[in-house]
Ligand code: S3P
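So this first bit is one chain, no partners, the form predicted on its own, shown in structure tokens.
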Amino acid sequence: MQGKKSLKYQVEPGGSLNGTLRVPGDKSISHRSIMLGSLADGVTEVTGFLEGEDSLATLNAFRAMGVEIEGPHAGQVSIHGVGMHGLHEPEAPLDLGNSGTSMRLLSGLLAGQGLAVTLTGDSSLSGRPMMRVIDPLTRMGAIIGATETGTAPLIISPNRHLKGIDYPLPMASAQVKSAVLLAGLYAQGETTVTEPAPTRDHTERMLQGFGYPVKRDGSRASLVGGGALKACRIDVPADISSATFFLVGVSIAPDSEMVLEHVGINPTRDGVISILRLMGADIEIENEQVVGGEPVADIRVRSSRLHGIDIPEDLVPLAIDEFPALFIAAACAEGITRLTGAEELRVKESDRIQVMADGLTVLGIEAEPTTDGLKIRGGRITGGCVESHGDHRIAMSFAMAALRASGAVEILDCANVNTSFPGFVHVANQSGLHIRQSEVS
């Protein structure tokens, strides 16, 4: 995962986006399919698996713990599950690259395995807060060491005696919720998590898909430890987070229309659609169906005239990963857009509030960061050179900004786009963006 080449994007101004597109598979579901498939009895067959670096980090971690995994081949993966207690102690630290999902969920899943495991990552992941998962896991009896600042590497010591807890989440975080529930699989008694606001529920849905009972009551999710997982088939839908760049790009570019196929529209993830519609976007949901317990649909989007809004705080957790792209929509909208209640954006792959504000300012847009959000006045986007700080979502968002720019947009430090959207440059060019990728010496 280390030693990645530095890449930059050069995006020419203007253009339209048109056509039909299926973006890569959902990253959250891809991660979880490997984790639960590895612990199941039998062979789990996965289609639509995201072959991005983050998902592959999870896959390689389980291979290092003795799980036989065939693929991925064109999104197909076969996982030969070893059962709930069949993992082997890895010979070396598990390098999870840039993947916060891998690190936080594995912390919970490995806490009660009775194995000694060290979890490491790249410089970005090593700066992200981990006490939010260590604290509740320690309450359950886990033994997890971290740096003095509560960051990776995480050192998990052997322990098979976890106890269930009733844990009210201090923040809306699907990763923390999932870490506690996955640890609960190995805990004595019942483990319950209560959310302050809805977050993505892929863990709960997939556990039930693997035959593990999960009790859900409003904001509470509970399970009892000591059960088993049964292998199943998983069809990973297209990732709504990756689709978002094209939802925004089509909305802001003239003479554009696109159909995004087989996109996951889980109600805990569809906040971006609601927010764009409030801004005036022309978005239609077509061919709705449920596949493997997850709602999917085709999304048709057309060019539209956007206007600024005060983003409802109840939609923030439902669109937390999509805000870099939404900030580009706000920059192209008439009037002011205000975001509040999104302090979580400051501890993602980068400080997404500050980094996006800096980049928008370079491109001539008024962007005023606050502790928990951003105030953006829509205007005329100029050309310029922006720094993505190695954040994949920021790099792709600024690429879409060029559709409304008066000059070329250069984006630095773009190698991590491969963590979530391998082939982005090729797909974007086919759709109508004019983007070149080059290595930086």
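Sequential numbering from 1, following the sequence displayed. All values derive from a computational prediction rather than experimental measurement.
Note that the form predicted together with ligand S3P isn't included here; everything after this is about it.
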Report whether the minimum heavy atom distance between H262 and ligand S3P in the predicted bound form is within 4.5 Å.
no
With the partner left out here, check for me: in the predicted bound form, does some heavy atom of T101 sit within 4.5 Å of ligand S3P?
yes
Taking the shortest heavy atom distance, is D358 within 4.5 Å of ligand S3P in the predicted bound form?
no
Though only this chain appears here, would I320 touch ligand S3P in the predicted bound form if you measure heavy atom gaps against 4.5 Å?
yes
Given the stretches 304-312, 165-173, 74-82, 366-374, which is the single one in contact with ligand S3P in the predicted bound form, using a heavy atom cutoff of 4.5 Å?
165-173
Tell me, which of D270, E344, E257, E195 has a heavy atom within 4.5 angstroms of ligand S3P in the predicted bound form?
E344
Mind listing which residues of 49-85 have a heavy atom within 4.5 Å of ligand S3P in the predicted bound form?
none
